[in-house]
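What follows is a single chain, given as structure tokens, in the form predicted on its own.
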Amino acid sequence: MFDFWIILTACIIAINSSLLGSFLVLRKMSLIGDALSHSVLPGIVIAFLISGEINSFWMLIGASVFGVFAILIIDWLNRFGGFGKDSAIGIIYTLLFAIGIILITSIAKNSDIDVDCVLFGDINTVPLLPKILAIPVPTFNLLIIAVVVILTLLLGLKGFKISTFDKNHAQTLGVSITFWNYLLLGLASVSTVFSFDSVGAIMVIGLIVIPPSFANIITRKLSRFLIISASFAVSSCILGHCIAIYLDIPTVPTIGFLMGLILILTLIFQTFNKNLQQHT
């Protein structure tokens, strides 16, 4: 049962991150996950200063608010500041993360907020946390987010698709690209915030980028793309945890290493196969 909650939590995060990450990768906005994961730190510290508690719902609210704030500022820099998306992300990522570190080291010295935990998480403690309806709180929260994410993507698939692949046609039809863009980024922000407490920001970034990148090697059809991306993420989490148990090593880095290794080996095999076909 202990391992069940660890695997289930990791798989839910994998589904949320890989599905949202698929559209971020297709829109060439995958680095937004990196920015979000680091930009929420000031929100966590401010929420602690207000609530006086480290593990509280207010910290998630504070982190979510700063996540959305980061998205708005990045978009503003990109649209009106003349900065490229990568430059805007780098600016906000650095600025807000630096503010968070300054707040921790100056105002919130006694907060016991572990920056390493924010970055790397500790999924092995999930089964030990308080429960709602016999489900660990992080898992329960992530289940709710998963339902929202999946329903939103299913109901709004046409909107996400046309605003991703054919913006000119979308504008001709009166489809608001800004709305679908902010909806996607808003979901990514909330999902990232609720995920990094368990697996850490680094792992969330990996789950946002690597599974869609793997799917991009296999197919160009969107429905298959989403299925392959989510399946790859989930299977990597299950297999990664089993390997971690067998080798007695941390689960989160094992999953990250496994995903990266499979991606690289698949790319090498595909490249070798193409070269072989060209010479035959």
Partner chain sequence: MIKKEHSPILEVHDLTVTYDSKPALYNASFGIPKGSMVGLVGPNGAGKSTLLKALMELVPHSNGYVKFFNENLDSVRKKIAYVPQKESVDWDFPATVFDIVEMGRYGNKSLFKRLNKEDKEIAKEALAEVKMLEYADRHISELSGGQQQRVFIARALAQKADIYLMDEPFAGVDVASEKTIVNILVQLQNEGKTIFVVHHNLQTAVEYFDWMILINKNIVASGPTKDVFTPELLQKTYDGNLTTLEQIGQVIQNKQFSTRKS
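Numbering follows the first chain given and starts at 1. Model, not experiment: these values are computed from the prediction.
We do not show the form predicted together with its partner chain, though everything after this point is about it.
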Report summary line: Answer key, its partner chain contact in the model of the complex at 4.5 Å (heavy atoms) among 72, 155, 128, 144: the residue is 155
**Report entry** Option from 221-229, 59-67, 237-245, 37-45 whose residues, in the model of the complex, bring a heavy atom within 4.5 Å of its partner chain
**Finding:** 221-229
Query - Residue contact check: residue 159 to its partner chain in the model of the complex, 4.5 Å heavy atom - result: yes
Requested in this report: Would you check, heavy atoms only and a 4.5 Å threshold, whether residue 178 touches its partner chain in the model of the complex?
Outcome: no
**Report entry** Distance check, residue 165 to its partner chain in the model of the complex, heavy atom within 4.5 Å
**Finding:** yes
Query raised in the report: Does residue 134 reach its partner chain in the model of the complex, with heavy atoms at most 4.5 Å apart?
Result: no
Query raised in the report: For 172-192: residues with a non-hydrogen atom within 4.5 angstroms of its partner chain in the model of the complex?
Result: 172, 173, 174, 175, 180
